[in-house]
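Below you will find one chain, with nothing else, as structure tokens; this is the form predicted alone, and questions on how it binds or moves follow later.
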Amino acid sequence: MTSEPVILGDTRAGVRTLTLNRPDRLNAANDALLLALTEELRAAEADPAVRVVVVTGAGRGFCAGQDLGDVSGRDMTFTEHLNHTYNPLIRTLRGLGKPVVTAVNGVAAGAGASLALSGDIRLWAQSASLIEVFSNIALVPDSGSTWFLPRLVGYHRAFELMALAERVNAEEALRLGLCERVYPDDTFREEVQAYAERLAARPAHALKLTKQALNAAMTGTLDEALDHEARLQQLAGDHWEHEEGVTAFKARRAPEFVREE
């Protein structure tokens, strides 16, 4: 009897949806899930038919964080575990040359919160929530949370959320800037697909360069950002997308940024 895959994949209208598929565990992460998701992201990067990637969860949870039973008694240090699983995943996701939407359909806890925050766009269901649960078991937030969260809410609010392990609901997440949209539960997946298809219709090359520019600017100086923008703008200006955008503007029509390979 074949077991269910830990990641479900589906591609529609240029949108590759990757679904964490351990619903009986609220999609708590084990090695198999983390490594499979990383490989699926790399495959999406290489597939010209994929223009946007959506990461979401099966059932009523997004990702409940690390499956503690999967690492109990293992002969591996915390550092080795992170460097083998979570860190390559987050690096792959953030370095992907395509927009990544994290569609948070339920609870995102611990490393699941880090994954929820790592998307270029974060869309939440009304019943979704986020909790930096690490301090409840006397651990340090990892998988990028200490990088993502203070950049979104500031050092002091980030520390409070981490120290007290406070749960953030969808309304508060939207107010704090932890997500861009909140949708009703019963239409969430349809709304996510529609939003992702809007992204997929945008200029893919220009968005890839925009993502590169933003990632670099997050840790660089203003002078470095200006120089980087100038280099990337040349790459954008030399691409057919730019010519199409200008031509469409002059013709007063909508640009067509999707071409058959």
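Start at 1 and count along the sequence shown; that's the residue number. Everything numeric here is computed off the predicted structure, so don't read it as measured data.
The form predicted together with a small molecule is left out here; the points below concern that form.
Within 4.5 Å of the small molecule in the predicted complex, all of Arg60, Asp67 and Val107 (non-hydrogen atom): Spot residues vs the small molecule: full contact, yes.
The small molecule contact in the predicted complex: Arg25, any heavy atom under 4.5 Å: Yes, Arg25 sits close enough to the small molecule in the predicted complex that at least one of its heavy atoms falls within 4.5 Å.
Interface membership of Glu166, the small molecule in the predicted complex, 4.5 Å heavy atom rule: So Glu166 does not count as contacting the small molecule.
4.5 Å heavy atom contact, Tyr155 and the small molecule in the predicted complex: No, Tyr155 is distant from the partner.
Partner contact for Asp142 in the predicted complex: the small molecule, 4.5 angstroms, heavy atom: Yes, Asp142 sits close enough to the small molecule in the predicted complex that at least one of its heavy atoms falls within 4.5 Å.
The single option of Val133, Ala170, Leu89, Leu149 touching the small molecule in the predicted complex, heavy atom within 4.5 Å: Looking at Val133, Ala170, Leu89, Leu149 one by one, just Val133 meets the 4.5 Å heavy-atom criterion.
Candidate stretches 93-101, 156-164, 107-115, 181-189, one within 4.5 Å of the small molecule in the predicted complex by heavy atom: Going by heavy atoms within 4.5 Å, the stretch is 107-115.
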